[in-house]
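Let's start with one chain on its own, the form predicted on its own, as structure tokens.
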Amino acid sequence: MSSNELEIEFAGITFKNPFLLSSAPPTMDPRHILRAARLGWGGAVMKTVTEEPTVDPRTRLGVLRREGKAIGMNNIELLSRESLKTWTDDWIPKIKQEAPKDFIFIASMMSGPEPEGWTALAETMSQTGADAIELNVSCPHGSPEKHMGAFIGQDPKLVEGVTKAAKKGTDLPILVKLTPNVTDIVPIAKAAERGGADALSAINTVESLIGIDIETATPLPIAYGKDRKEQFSTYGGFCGPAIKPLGLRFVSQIAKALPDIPISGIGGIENWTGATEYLMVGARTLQICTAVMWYGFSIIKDLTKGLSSFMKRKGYKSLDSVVGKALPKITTWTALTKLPPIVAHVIKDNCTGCKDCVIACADGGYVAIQMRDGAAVINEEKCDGCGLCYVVCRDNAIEFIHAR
């Protein structure tokens, strides 16, 4: 057994830690990737290439804030601006030559619904020294207009077909990156597995409209039309901490349905606790983009240190013992008891008397909270154990106890 408790095997490859840069702006070129590699990241998925490089609109990033803090980001950026030849002839060889030997490089590629394009790209990527290949069948904006990206990823037959086609062109492990913009992700995941996928990446961004500038009635982020004067925008891909609940849902659903296929978890990971949540619902590696764009590559230090400390505190000897730990506790709604066994209780030392819980319970709950001597008090006979007071409390002053 390795002395490195963060080491993990994924799709036949050993990663020194589970943290990867996802295919996004932070992996746009060798300068970015090599900087991350030297700081200790376990690997990176390069920005997706296709047969022709991309030209992007400006601006192309929008933000969702709550009380001034960014909680999500929308982008209308597409694929690599550089040609396939630049990547294969210059950039990938440079990365493989200069990065630490234990840094894993994954090539990302996209083609149309015709299988021949996927086979040809896979053959080309196999000659670069890449350690694995990720198939981008999930970009939610721009690409579907060209019958690429999520246009393919929303159709099980197409996903199976392009995965089989890519497998024909390479002996490298194949990851298929899935879209959340579907009613049920499991049939798509099963189609990728039938096509020969060695692993799955989930999820790509969520199709969205980030907001409207109400002063000008212009959707965000503000870009420009063909005349370069009139302002327009389009639907983009939503990412960041706000989508973590969706990512956890999709990863857990795939892990429960396909327990033998490794999953690379993506979506809203910004600290070691979020990373641990993904591991516990079945992910074996973790891909990060938005947190790097907001806080920089150096977050890898806190990610690895925090995860290692947690494992030691809880007695986990390896990441394998963490992976899937929460899955047995995810059940169906019908399997849950409908008689609440718990009620809310106020931790008086934490309560600041803000009355947020009183207002919420009065208008959205069971009128079970009142103020007494400057602190909230729960009427256990009225409390239904719904959890609304916990949701609105900003002071960690609510806990749940068994009803007496």
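The first residue of the shown sequence is 1; numbering continues from there. This is a predicted model, so every value here is computed, not measured.
Below, we refer to the form predicted together with a small molecule, which is not included among the displayed structures.
- Query: For this chain shown on its own, do 17, 37 and 285 all sit within 4.5 Å of the small molecule in the predicted bound form, going by heavy atoms?
  - Reply: Negative, none of the three is within 4.5 Å.
- Message: At 4.5 Å between heavy atoms, is residue 61 in contact with the small molecule in the predicted bound form?
- Response: Because a heavy atom of residue 61 falls inside 4.5 Å of the small molecule in the predicted bound form, the answer is yes.
- Task: Classify residue 192 as contacting or not contacting the small molecule in the predicted bound form by the rule of any non-hydrogen atom within 4.5 angstroms, answering yes or no.
- Result: No - in the predicted bound form, heavy atoms of residue 192 and the small molecule never come within 4.5 Å of each other.
- Message: Considering non-hydrogen atoms and a 4.5 Å limit, does the small molecule approach residue 236 in the predicted bound form?
- Response: Close contact is absent here: in the predicted bound form, residue 236 is far from the small molecule, nothing within 4.5 Å, heavy atoms only.
- Heavy atom to heavy atom, is residue 24 within 4.5 Å of the small molecule in the predicted bound form? It does: once the small molecule is placed as it appears in the predicted bound form, residue 24 has a heavy atom within 4.5 Å of it.
- Of 117, 221, 142, 240, which one comes within 4.5 Å of the small molecule in the predicted bound form, counting heavy atoms only? Exactly one listed residue reaches within 4.5 Å, namely 240.
- Item | Listed residue that, although the small molecule is not shown, lies within 4.5 Å of it in the predicted bound form (heavy atoms), from 254, 188, 203, 125 | Here the answer is residue option 203.
- Out of 125-133, 78-86, 306-314, 159-167, where are the residues with a heavy atom within 4.5 Å of the small molecule in the predicted bound form? Only one stretch qualifies here: 78-86.
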